[in-house]
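A single chain comes next, written as structure tokens; it is the form predicted on its own.
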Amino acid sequence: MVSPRAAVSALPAYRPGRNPADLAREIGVPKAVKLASNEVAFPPLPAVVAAISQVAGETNRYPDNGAAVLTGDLARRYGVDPGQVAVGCGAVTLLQQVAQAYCDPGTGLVYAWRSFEMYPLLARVAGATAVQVPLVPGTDGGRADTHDLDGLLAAVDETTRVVLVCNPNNPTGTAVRRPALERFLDAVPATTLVVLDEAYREFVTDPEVPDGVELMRGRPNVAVLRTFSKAWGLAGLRVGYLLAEDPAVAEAVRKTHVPFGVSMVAQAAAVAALASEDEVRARVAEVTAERERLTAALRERGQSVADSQANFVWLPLGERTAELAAALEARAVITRPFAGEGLRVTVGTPEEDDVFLAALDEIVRG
């Protein structure tokens, strides 16, 4: 019998958010609300739809393997050289490329926990040792929900090749501020690559939460990871990008990519999205305003909700998490439970969030 590597056999399957149409059929209702996957509720940008239509007739050809137009647009947007940019099939694929490029079997990959659930899986696939550093309370007396930068630094040793800092953190929505992050970056050894995973950067409203691209400059062991899946509304097309202060880092990441991994349609859509930045900013402003409304409504209901800098909120429910998630699904509301820890709720439209709040009220009333 042919067997895969033991590390692969032991991998848990990634669990995407449930399909709302499937849930609606299952419980016999016309429609379910999905607040599980941190997608934006807006339809694709008009310019994106037009760009997709324009290239649809060319999809019998391979896409540009180097995504030159998109790479050039990103380089101009961030004031870097194109050689400092790597484009990939979503940010998670770029994370896998980073692990493949820098982690030998037995080397260390350090990250906070709980954080993005793909981190431990990517470490195992690369054969690296996953080093998890527990979160700490972001407020006095609060639940553990924020990166422990001192703890991360203490976990770095001579075997550590990569440190991942998810800022804002998924799934808690919390973020580390500039002074602490600058001290951390300056203290990490030059031989260790720090990747600032900023998938939710566009939703940050706290001026004390730094732009990772600014902190990257002058620090050759720092790279920044971002995505078009969230604020830019291209979750279904899978486009992410990495910016590196040292072009050699971006080059190493590009070397581990699967050829033609970013489709022609995805490249055209991302270029069109970048050209629609004003519209994206307006949409983001609506999301963050609704985030504040949802946060306030949950706090009024006695829920302990940290200030989120992402497009979701985190309910630290502990052992009650799975029970509440199931009760919400029974009322046609899909959220993202992390068993024994908490519930992540995407900021939806005001109407969707009101459905969620009404379902929560009904559950509490019993």
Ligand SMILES: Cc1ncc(COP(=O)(O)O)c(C=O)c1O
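Keep in mind the model is a prediction, meaning the values are calculated, not measured. Just count from 1 along the sequence shown to find any residue number.
Omitted here: the form predicted together with the named molecule. The next part is about that form.
For the chain shown alone, Arg219 is not a contact residue for the named molecule in the predicted bound form, no non-hydrogen atom being within 4.5 angstroms. Although the partner is absent here, Thr71 lies well away from the named molecule in the predicted bound form, with no heavy atom inside 4.5 Å. Contact check for Arg238: a non-hydrogen atom falls within 4.5 Å of the named molecule in the predicted bound form. At a distance threshold of 4.5 angstroms between non-hydrogen atoms, Arg161 is out of contact with the named molecule in the predicted bound form.
Heavy atoms within 4.5 Å of the named molecule in the predicted bound form belong, among the stretches 202-210, 174-182, 223-231, 127-135, to residues of 223-231. By the 4.5 Å heavy atom rule, the three marked residues Asp145, Thr295 and Pro316 all fail to count as contacting the named molecule in the predicted bound form. Out of the listed residues Val262, Val92, Ala123, Val85, Val92 is the one that sits within 4.5 Å of the named molecule in the predicted bound form by at least one heavy atom.
Contact with the named molecule in the predicted bound form, defined as a heavy atom within 4.5 Å, holds for exactly one of Leu243, Ala266, Leu193, Cys166, namely Cys166. Residues Phe116, Tyr119 of 108-122 are found to place at least one heavy atom within 4.5 Å of the named molecule in the predicted bound form.
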